[in-house]
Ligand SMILES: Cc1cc2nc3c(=O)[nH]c(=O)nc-3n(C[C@H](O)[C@H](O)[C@H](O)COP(=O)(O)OP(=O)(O)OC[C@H]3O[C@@H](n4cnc5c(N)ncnc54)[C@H](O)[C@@H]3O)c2cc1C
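Listed next as C-alpha cells is one chain, alone, in the form predicted on its own.
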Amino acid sequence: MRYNKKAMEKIKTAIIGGGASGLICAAHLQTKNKRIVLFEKLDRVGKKLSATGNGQGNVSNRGVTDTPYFSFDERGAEFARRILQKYDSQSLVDFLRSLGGLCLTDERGRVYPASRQASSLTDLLRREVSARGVDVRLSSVVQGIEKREQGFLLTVLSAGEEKKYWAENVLLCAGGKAAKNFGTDGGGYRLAGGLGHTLTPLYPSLVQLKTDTRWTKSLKGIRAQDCVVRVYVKQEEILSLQGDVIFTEYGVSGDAIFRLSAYIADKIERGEVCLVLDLAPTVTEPDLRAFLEEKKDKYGKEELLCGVVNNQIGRAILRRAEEEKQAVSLVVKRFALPVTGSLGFDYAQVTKGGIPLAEIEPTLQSKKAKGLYFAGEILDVDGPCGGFNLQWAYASARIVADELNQK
C-alpha cells in the first residue's frame, strides 16, 4: 500500500517509550526547528522509574565503571564499559543537579535523590522534556514501524484511532519484558523484529527465587539478617555475598536474593543452581560446634540454637540436622536450598537478554535500518542490583542523544 507522505504528520525523531531512557534522551535533544515526538503507551510517563529502588529512586552506583555488565555477547561487558565511562555516575548526578535535584550516596555506593523519592526524578525529567518543547503523546501505542528509503512510517493507535506518522529517525526504548504492569510487555522486541532484528534468549533478572521448600515451609515471612549466601552452579561456587534473606511460601526473597539473581538468571532453568546459606557468619564452624556441644551438655537439645539464630529458623535447622543426620553446626553454616525457578517476568525488575549487540553500531544505531536507534533495557545489556541498570538507561540514552543532535 502507498501512503501520501506529504499528508502525514512529519517528525524529526520519534521516541518510542516514555521510561527512563526515553525521557533522558528527550531531555538532551536539541529541538530548535526539529519536531520531536515521544510516544508512551500508558497514561503517564516514567511509571517504572517512579517505582525504582522501592520507590526511593536508586538511580546509579559509584562502582558502575568497575562492575562488569552482563551480555550474551562476549564483547558485551567492554561494549557497555565504553559507554558507561563516557557517561558515568558523576555525569548522571551532575545532570540531575542541573535539573534542580540533589543526590546522595549510601555506604554501598548506591546513588539516590536526596528526597529519597523516585517520583521526584520523573517530575524533574518531565518538566525538562516539556520545557524543550518535546511533544509527549500518552496512551499511544506504536503498532508498527516500516523502514522506507528516507525514513520510517509509524502506525500509532491512540484513543481508538489509527494514525500514520513519518519520522526521519526512531529511538526504540520501550524496555524489556520485566514488570509488564509498567507497560514493559516485550512489545519493543516485536517492533524491532519487524525491522529485521533478532533476539537473544530472554530471562527474568533481579527477581525472587523458587527453591526446595521442604525445610522452610514453617519459615514464611521470617528474615535471616546479614547471612552469607554462596551460589553454586554445577556444584562449583561462582558467587558469595552477604545480605538479608526472606523465606517465603515459594522459596526466598530479600536483598541478597535480588542481588545474586542477576548472576544466575540464565542458569536456573537447567536445574544446576543451589544456594547455601551461612546463618551464623560471624563464627567459624569448629567454634560453633564446640559452643553447641558445651551448650547441649548444660541446657539440652531442645533450645540448642536459641540466642544463636532466629528461634523458628533454629527449630527448622534442628529438624533438618536430625533427619539428614548432620551436625547441627554444619546445617547452620551450610543450609542448602536447591533453586527450582523464579517468580518470572511479572515480578522481575530487569530482563536479561535483548537485541543482540552484534546488530548494533557503537553509536547504538541499528545495522539493519539506518536511522533506528536503541537505548536501555531493550538491548542485550543488564547489570546487577543497586542502580546499575538505570545508569545504563541514562548512559545509552545520552549516546543516542549525541548522535541525533548531529543530524
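Only a predicted model underlies this, so the values are computations on that prediction, with no experimental measurement involved. Residue numbers here begin at 1 and follow the sequence given.
Beyond what is shown, the protein has a form predicted in complex with the ligand; the following relates to that form.
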property: Non-hydrogen atom within 4.5 Å of the ligand in the predicted complex for each of I16, C173 and A393; result: yes
property: The ligand contact at A179 in the predicted complex, heavy atom, 4.5 Å; result: yes
property: The ligand contact in the predicted complex: F39, any heavy atom under 4.5 Å; result: yes
property: Partner contact for K48 in the predicted complex: the ligand, 4.5 angstroms, heavy atom; result: yes
property: Close approach of L279 to the ligand in the predicted complex, 4.5 Å, heavy atom; result: no
property: Proximity to the ligand in the predicted complex (heavy atom, within 4.5 Å), stretch among 223-231, 180-188, 122-130, 287-295; result: 180-188
property: Contact residue in the predicted complex, chosen from S140, S91, S115, T248 - any heavy atom within 4.5 Å of the ligand; result: S140
property: The unique member of T31, S366, T67, Q349 whose heavy atoms fall within 4.5 Å of the ligand in the predicted complex; result: Q349
property: Residues within 4.5 Å of the ligand in the predicted complex, restricted to 49-84 and counted by heavy atom; result: A51, T52, G53, N58
